[in-house]
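A single chain comes next, written as structure tokens; it is the form predicted on its own.
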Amino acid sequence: MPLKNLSNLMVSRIKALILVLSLLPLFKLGVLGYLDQLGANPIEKLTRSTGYWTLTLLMLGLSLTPIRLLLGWLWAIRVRRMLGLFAFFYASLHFLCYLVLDQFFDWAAIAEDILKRPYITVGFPAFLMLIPLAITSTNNMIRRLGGQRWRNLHKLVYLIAVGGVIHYWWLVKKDLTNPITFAAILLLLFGIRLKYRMLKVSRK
């Protein structure tokens, strides 16, 4: 079957695979926690792991439009919402690890962290911006907002991705391999989109 336009059955199978793969990191953390193998600092392990998978899923979601442009895989857009919702799911777990396990609902300490720690100053607004995107991800909300307004709102995902990469970069103090990798991927995705936008303008 041509990869450009898969059947509904094939897309459903791809979504099922995405579901399983997206839950695997959480399952692994659960097993490690049960076996008491989260390391010397379990809270840090949980927080950093959920943050890593938030960024990973964000990058995968952002890659689908460039994939469609480069390869003509129209079906790729049909799994974008699912990846976005899983990114929000892991972002919520990431925030809850910080809120509950690290700060114990100490709102004064959290407010101080937001003001004094640059990586939290950047990361907290990025998380907040994910919330309206998750809320408006349903077909009903798309109809209520209208296509253009919905698209304009969901352009926030690019700002969120930039904020997420900066948050990670500023958090990591020694090994910058992962933040640099995420930054390079994001720049590549932006470059592909910019190239096709310029080509589209030049054809008018």
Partner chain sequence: MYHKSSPTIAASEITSRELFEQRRQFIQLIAGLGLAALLPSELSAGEKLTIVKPALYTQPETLTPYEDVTQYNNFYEFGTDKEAPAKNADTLITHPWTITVEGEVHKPQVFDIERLLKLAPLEERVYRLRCVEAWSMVIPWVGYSFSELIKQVEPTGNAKFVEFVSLHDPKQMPGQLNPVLNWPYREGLRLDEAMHPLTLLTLGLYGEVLPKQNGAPVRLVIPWKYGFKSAKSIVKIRFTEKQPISSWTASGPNEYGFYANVNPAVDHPRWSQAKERRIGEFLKRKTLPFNGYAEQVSQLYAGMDLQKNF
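Everything numeric here is computed off the predicted structure, so don't read it as measured data. Numbering follows the first chain given and starts at 1.
FYI, the form predicted in complex with the partner chain isn't displayed, but the following is about it.
Residues R81, L159 and R197 are none of them found to lie within 4.5 Å of the partner chain in the predicted complex, as judged by heavy atom distances. Only one of 100-108, 83-91, 70-78, 124-132 places residue heavy atoms within 4.5 angstroms of the partner chain in the predicted complex, namely 100-108.
Proximity of N41 to the partner chain in the predicted complex: non-hydrogen atoms within 4.5 Å are present. Within 4.5 Å of any heavy atom of the partner chain in the predicted complex lies no heavy atom of Y52. The shortest heavy atom separation between M59 and the partner chain in the predicted complex exceeds 4.5 Å. Using a 4.5 angstroms threshold between heavy atoms, L171 counts as touching the partner chain in the predicted complex. Taking a 4.5 Å heavy atom cutoff to the partner chain in the predicted complex, the contacting residues in 107-128 are E112, K116, R117, P118, Y119.
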